[in-house]
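A lone chain, given as structure tokens: the form predicted on its own.
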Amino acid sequence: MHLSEFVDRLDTELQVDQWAGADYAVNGLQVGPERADVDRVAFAVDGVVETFEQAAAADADALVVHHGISWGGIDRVTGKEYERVRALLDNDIALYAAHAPLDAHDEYGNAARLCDRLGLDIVAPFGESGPGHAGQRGRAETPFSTVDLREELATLEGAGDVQVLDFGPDELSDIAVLTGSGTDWLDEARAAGVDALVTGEGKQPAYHEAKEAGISVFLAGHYATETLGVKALQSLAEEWGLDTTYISHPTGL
């Protein structure tokens, strides 16, 4: 498949154009030639030197990531930017990044896939952001206990110790999911009346905001909560007839 066709397909599926100017990350093809062929594609959460080198070792022509190398643009190719760009160019690997579009997608998105993993029926989008929403609101047919939900989240790749701000009810059925760093949406969670918010990492104000709102917050790890979206894109690429590989590189954060 031509690289341009692969990029066009991803852009279309993820509705990348809708997020132009609304996401501080640069979405779409970040590094790559105008003309190239793609036979094997690697997928990873983070676009860094180590995943670039692993993609090269896997003989990949392109790497698709959630966290790319361009956040608001690159003014100078020095320091870490130089090392990352050089790793791509030296190994002739194209880099495609999908940040907010992958968070927001109602089929391939991180939140949508995590809801599916938890057995939640999606009832509404959650986490207003730009032209859409960064998360999903789900309902559990059988309510979770705090212990059960924590144990389920601990099975995610790279989850480690799942922290819990245990301020919600004993039975958790109405659950907001916003992967990565989602505690900025606690006010929305409070207004929605959810029992719990599942996210990756928290910020200092989250403790008091969650306590005052009577909401339990589960911090399962930024990396751990954002592995499912790129894996969904990997499955999609396989449907397109491409050979793929997944690069696991947990950060513990």
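For clarity, every value in this text was computed on a predicted model and none was experimentally measured. All residue numbers are counted from 1 along the displayed sequence.
The same protein also has a form predicted together with another copy of the chain, omitted here; what follows describes it.
- A residue is said to contact a partner when one of its heavy atoms sits within 4.5 Å of a partner heavy atom; Lys211 meets this definition for another copy of the chain in the predicted complex.
- Although the partner is absent from this view, Gln163 contacts another copy of the chain in the predicted complex, with a non-hydrogen atom inside 4.5 angstroms.
- Looking at Thr142, you'd find every heavy atom of it more than 4.5 angstroms from another copy of the chain in the predicted complex.
- At a distance threshold of 4.5 angstroms between non-hydrogen atoms, Val49 is in contact with another copy of the chain in the predicted complex.
- The stretch among 114-122, 68-76, 133-141, 150-158 whose residues place heavy atoms within 4.5 Å of another copy of the chain in the predicted complex is 68-76.
- In the predicted complex, Asp187, Arg190, Glu201, Gly202, Lys203, Gln204, Ala206, Tyr207, His208, Glu209, Lys211, Glu212, Leu219 are the residues of 182-221 with at least one heavy atom within 4.5 Å of another copy of the chain, listed from first to last.
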